[in-house]
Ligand SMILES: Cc1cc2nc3c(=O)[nH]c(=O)nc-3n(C[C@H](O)[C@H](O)[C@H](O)COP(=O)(O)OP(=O)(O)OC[C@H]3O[C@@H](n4cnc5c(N)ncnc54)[C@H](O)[C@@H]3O)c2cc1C
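First, one chain by itself: the form predicted alone, in structure tokens.
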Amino acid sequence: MQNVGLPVAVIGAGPVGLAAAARLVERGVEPIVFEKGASVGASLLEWGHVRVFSPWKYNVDDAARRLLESQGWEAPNPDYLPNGKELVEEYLAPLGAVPSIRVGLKLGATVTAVTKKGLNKVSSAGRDEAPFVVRYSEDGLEHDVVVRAVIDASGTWSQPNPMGVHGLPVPGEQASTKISYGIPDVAGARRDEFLGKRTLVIGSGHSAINVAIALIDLQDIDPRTEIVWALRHQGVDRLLGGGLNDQLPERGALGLAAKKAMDDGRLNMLTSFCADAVIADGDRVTVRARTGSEPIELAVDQIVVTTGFRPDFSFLRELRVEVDPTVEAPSALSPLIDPNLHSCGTVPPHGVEELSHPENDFFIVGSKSYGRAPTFLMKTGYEQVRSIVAEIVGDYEAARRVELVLPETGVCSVDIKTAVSAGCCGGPAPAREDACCVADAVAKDEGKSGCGCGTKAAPVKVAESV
């Protein structure tokens, strides 16, 4: 416990960053929270139209809840599935307004560097005892603040992966105005750009499914809306595994909806897709690509790239940060999440021991701690910061105690035919004891008798921890 009179820096005012701030306040430590956006949860507002996969009861950190309730906050309906905008307006904004957090909250403040006071990266003498210096820009001016520890919860949203399979943008990609990344609001704020148009969606995760389903909604309005969905891998089984085996009902239903759209012929599927170039063509773009070894050209109006995200380490160059060279996650955490080693997204609860770096009292948490791995749950981040804050204040027993049990995430590779014929039509039941699968649970939640498969599998309960 060094420099105990100094505050702790938290980089990022998203769910995990503000949970860290709440944990610090609860432990009697002053947090300084740096958020480059104009409000808390700025990244969430960029996908504010998207509904999350887990209900409110799983999305609120315990310490944040206690802090909010002390201010008279009333929690939303615990079983309601909020979207990103609602997460910010009903949870993060009130949390950021709590006086003990608000006093140290710096909005529009971009952290540009973190270092050790009086030391550069090479200097070793007295390094563990030296406090940190956080440099940030605000209103065009640069400022330095001295802190005892740093919790980097800056996320990865601002660093989307490009469409090139080799990790680089393809020629013409960066200059194109027809390419969007992440989950654009294709059926809402940007509807006119996609309605009645031909869109190429690249990616195989839940973000891609969200975009495809939204485009199908536009197809219902204007049948000229055409969707070309390109997967980098061969076949669609891996894509839909989550829909058949997911204990989070909303996410499972999303996969099932995508499968139905494919079965109905509403999606033009391309597999083993490799983009080579993007060429401007009047109001459209032409994509030169390959499917396997077969060259193709696609003329489209819009491209949506949902190929994941990567962490930004540029402002950490003066710190001794140790990350796995493959996944870019902390070295001890990487083997648990490396997609080359695991077909599933299920990760054991983890804390300070898996998240430590050679730099004492520096931690990367939240989605950034997963590096380039694709799956992350808010509750995982809440457990991370609970453990880390306990370590910072010297409660080493609590820091190493596991207080979270996570369910199967259901994003494994799976053979669709095998999974369906194994007994029920939608994988294990996600939340209802009287349901045999995702489809059965969804049907019963809608007031129906069930999905009609006629098989009663062993019930699966979701832990209060998603």
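Each residue number is its position in the shown sequence, starting from 1. Computed from a prediction, not measured in an experiment: that's the story for all the values here.
Beyond the structure shown, there is the form predicted in complex with the ligand, which is absent from this document and is the topic of what follows.
- Judged by heavy atoms within 4.5 Å of the ligand in the predicted bound form, the contact stretch among the candidates 395 to 403, 22 to 30, 60 to 68, 46 to 54 is 46 to 54.
- Only one of the listed residues (L218, V170, L319, V111) places a non-hydrogen atom within 4.5 angstroms of the ligand in the predicted bound form, and that residue is V111.
- Screening G155, G203, G351, P330 for any heavy atom within 4.5 Å of the ligand in the predicted bound form leaves a single hit, G155.
- The ligand in the predicted bound form comes within 4.5 Å of no heavy atom belonging to A9.
- In the predicted bound form, no heavy atom of S387 sits within 4.5 Å of the ligand.
- The ligand is not shown here, and in the predicted bound form it never comes within 4.5 Å of any heavy atom of I364.
- Though the partner is left out of this view, L298 does not reach within 4.5 Å of the ligand in the predicted bound form, counting heavy atoms only.
- Site residues G164, F313 and R372 are none of them in contact with the ligand in the predicted bound form, judged by any heavy atom within 4.5 Å.
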